[in-house]
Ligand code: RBF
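A single chain comes next, written as structure tokens; it is the form predicted alone.
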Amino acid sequence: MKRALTIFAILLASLALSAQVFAAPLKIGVFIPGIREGSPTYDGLAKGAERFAAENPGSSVKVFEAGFNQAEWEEKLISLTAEGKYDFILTSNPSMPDLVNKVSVLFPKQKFICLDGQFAGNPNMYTVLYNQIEQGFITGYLAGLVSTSSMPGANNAKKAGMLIGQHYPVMDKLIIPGFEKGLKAVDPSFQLDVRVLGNWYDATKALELTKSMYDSGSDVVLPIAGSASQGSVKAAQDSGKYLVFFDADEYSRAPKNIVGCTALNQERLAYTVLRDAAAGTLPFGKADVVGIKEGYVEFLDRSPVYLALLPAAIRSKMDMKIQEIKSGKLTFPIPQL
């Protein structure tokens, strides 16, 4: 009996210690390499941190927006880290892990968490990359189904478009190839027209480039161009053509033109990694990958807009393809970035 009580006391102490680790007030720095407004990815990053802080009394969050000039990001990250105030610095961008790895040499006690990026081996950094080949594939598959359908605005050209803010490894090695694989899964003869905006904010130029793609035969376009995507929305509305979107629920922006959205559950991922970091279970030094199977990449097929706009035959094919990915029948390994 005495031995049982002792074991019970040890278990209680262990539970209390775990609770104390999780509940300890934390100071979290959120480094946004851009601006929060108009960016679902960065807004989700900040919201996840804010949710964690709200649920853990005494914890606090400072959101730092570094702006669009990438040449300034390193200096600004150094400045934020040098404050020495944060238990964890949370950021998100495919280019940030390399930058963090460089900066962490100057601050060997600082812990960094990078979402939407990949880097293994730094004991003070944890990264988790979204499987954006999957995201691109399922979005491209929908674009192909719409393009080859009898929906108003679709044509027989078997051509789709992408408007991107700029080239970078994740875009070139994951997103574009994934989108093209999705198109060709519908019909191998599909062609992909990729246009580069050169920034993430010029909506006027985005309108011109998107209209040019429509005029050249594309009937569905995927814009990945930050706040400039508003120009693509206007072009779709003016042309009676279609858009598919990445990263967030964008249906309400143009309910007659946006046929699908494949979102990243950035807010939930940010909250989860901070919870695990606070509990001492986040594997710093490791690089993880999450996708549709884990629930962090999600095709938003329950939207009333999607259900009303897309024919049942297309929705059924989308359901089957998503289930193939979830079951592991269809896989998309991540190449070295």
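Note that residue numbering follows the sequence shown and begins at 1. Just so it is clear, the structure is predicted and the values come from calculations on it, not from any experiment.
The next section is about a form of this same protein that is not shown, the form predicted together with the ligand.
- For the options Thr127, Gln132, Ser218, Thr139, the one in contact with the ligand in the predicted bound form, meaning a heavy atom within 4.5 Å, is Gln132.
- Interface residue among Pro94, Gly178, Gly144, Gly231, judged by heavy atoms within 4.5 Å of the ligand in the predicted bound form: Pro94.
- With a 4.5 Å cutoff on heavy atoms, Phe190 does not count as touching the ligand in the predicted bound form; it lies far away.
- Taking non-hydrogen atoms only, Phe68 approaches the ligand to within 4.5 angstroms in the predicted bound form.
- In the predicted bound form, none of the heavy atoms of Phe245 sits within 4.5 Å of a heavy atom of the ligand.
- Under a 4.5 angstroms non-hydrogen atom cutoff, the ligand in the predicted bound form has Asp116 among its neighbouring residues.
- Exactly one of the stretches 56-64, 267-275, 34-42, 291-299 approaches the ligand in the predicted bound form with heavy atoms within 4.5 Å, and it is 34-42.
- Contacts to the ligand in the predicted bound form (heavy atom within 4.5 Å) from stretch 319-337: none.
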